[in-house]
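We begin with a single chain expressed as structure tokens, specifically the form predicted on its own.
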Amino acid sequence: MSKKTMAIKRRTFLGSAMGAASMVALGAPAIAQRKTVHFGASLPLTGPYEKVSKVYKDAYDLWTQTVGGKVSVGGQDADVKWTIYDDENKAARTAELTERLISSDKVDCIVGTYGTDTVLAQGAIARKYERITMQAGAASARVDEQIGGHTTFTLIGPSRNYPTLAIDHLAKQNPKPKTMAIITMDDPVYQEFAAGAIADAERHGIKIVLNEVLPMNTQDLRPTVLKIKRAGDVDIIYNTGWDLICIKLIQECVALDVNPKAIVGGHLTTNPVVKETLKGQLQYIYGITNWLPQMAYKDKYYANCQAFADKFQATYNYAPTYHAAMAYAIPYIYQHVIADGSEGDPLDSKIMRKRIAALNNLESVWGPIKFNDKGRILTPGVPVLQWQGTDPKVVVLAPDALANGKDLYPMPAFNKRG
């Protein structure tokens, strides 16, 4: 073969190869090799939300362990990296840290903090940089109104709906409750809880005899319980606060001999510290929770919620609250949407936003994932439970599809229990 012929064939081969490469590039955009996917977050690791923040942090860690520290980015394996700061439950601090995560740490996926004002502060910075966040720490409608959908996706249902199933359920009991006292924390999301509880109670003809608004740093519930006692016959006490408020409320009811027909301890009675502290005093107390191990949800790693709960318990030596399943689901969702590289860089915020918004009941241990146009997860309501037995255990009362027991109502006086 002559040198001229060889040169022609070489040019033909190179031209064909370049043409093929161009066609591939047109058909499927090239994705830069990424050795690491960097997740960034801040949490109130110190202060009143310290305990619940630990649950979130452990859940992120469990997801990382579950995936073996690696995820697929458009079909290419990458290591998982986390940067988590303590925002001290301060909005200004959260904004500063979010700026650092984006500008200095160069994180790829932003995970939300805990608390309404801090979530909003984080979202404001993310919006400035046209980034997205995914959060499970603020149920307030303010998130939907200010940053929902275009900046932030929310894995927890709206706070207004939290009390609905519990009050609907209690309104059916015999004798029907006629009066209710509400303990409200001086925070927008808890005020939304209370507004929902008031509206639900009034819908059933239940009179609100007291709506006690307490500072967020409240430690002493005795003045509040004394007010409830002076209010006369109160059939339901509804706590919108967190686990510490629930504990203090019940302790003071015991000490002051305040015995309503029902006490709703709120959304954190399943936090292990509540039972550890109250022990048998938790018997007969109602609660609400977004998630329980006996639910039948699953994902690609766990066959059901109990398997997830067992793994969490074995790894961290405490039972997971609903926060664990919810927090675990955040990186799990990111993992799902960045796996496909057919539209370009899967870690581009515009592409992630589009794919998250398009999720249609993605299976997860948190439940089916689908968002409305405000970026809020679609959910039917918050299940109702009651702690029963001398070594109190959870019995689910509502909705009917999840129920595994019946009420013990009205509750006996604290000083007349065996």
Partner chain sequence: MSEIIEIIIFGTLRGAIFALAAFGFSLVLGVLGIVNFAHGVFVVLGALITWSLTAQIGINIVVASLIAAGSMGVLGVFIQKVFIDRVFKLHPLMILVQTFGVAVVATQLAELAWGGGERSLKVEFPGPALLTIGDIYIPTWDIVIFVISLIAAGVLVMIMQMTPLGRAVRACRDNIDSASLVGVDVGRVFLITMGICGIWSGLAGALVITLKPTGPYMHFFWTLDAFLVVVIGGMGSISGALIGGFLYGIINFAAYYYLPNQAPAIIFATLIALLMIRPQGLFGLGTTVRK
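Positions refer to the first chain, counted from 1. Keep in mind that what you see is a predicted model, and the values were worked out from it rather than measured.
Not pictured, yet referred to below: the form predicted together with its partner chain.
Residues Asp186, Lys227 and Val273 are all found to lie within 4.5 Å of its partner chain in the predicted bound form, as judged by heavy atom distances.
Although the partner is absent from this view, Lys128 stays clear of its partner chain in the predicted bound form, with no non-hydrogen atom inside 4.5 angstroms.
Remark: Ala95 does not count among the residues lining its partner chain in the predicted bound form, judged by a heavy atom distance of 4.5 Å or less. Contact annotation for Gly75: none of its heavy atoms lies within 4.5 Å of its partner chain in the predicted bound form.
Its partner chain is not shown here, and in the predicted bound form it never comes within 4.5 Å of any heavy atom of His38. In plain terms, the part of the chain that comes close to its partner chain in the predicted bound form, with a heavy atom within 4.5 Å, is 208-216 out of 208-216, 306-314, 192-200, 154-162. This chain lacks the partner; the member of Asp348, Glu145, Asp79, Asp220 within 4.5 angstroms of its partner chain in the predicted bound form by a non-hydrogen atom is Asp220. For the residues Ala141, Ala91, Ala339, Leu256, the 4.5 Å heavy atom test against its partner chain in the predicted bound form is passed only by Leu256. In the predicted bound form, Leu278, Gln281 are the residues of 278-302 with at least one heavy atom within 4.5 Å of its partner chain, listed from first to last.
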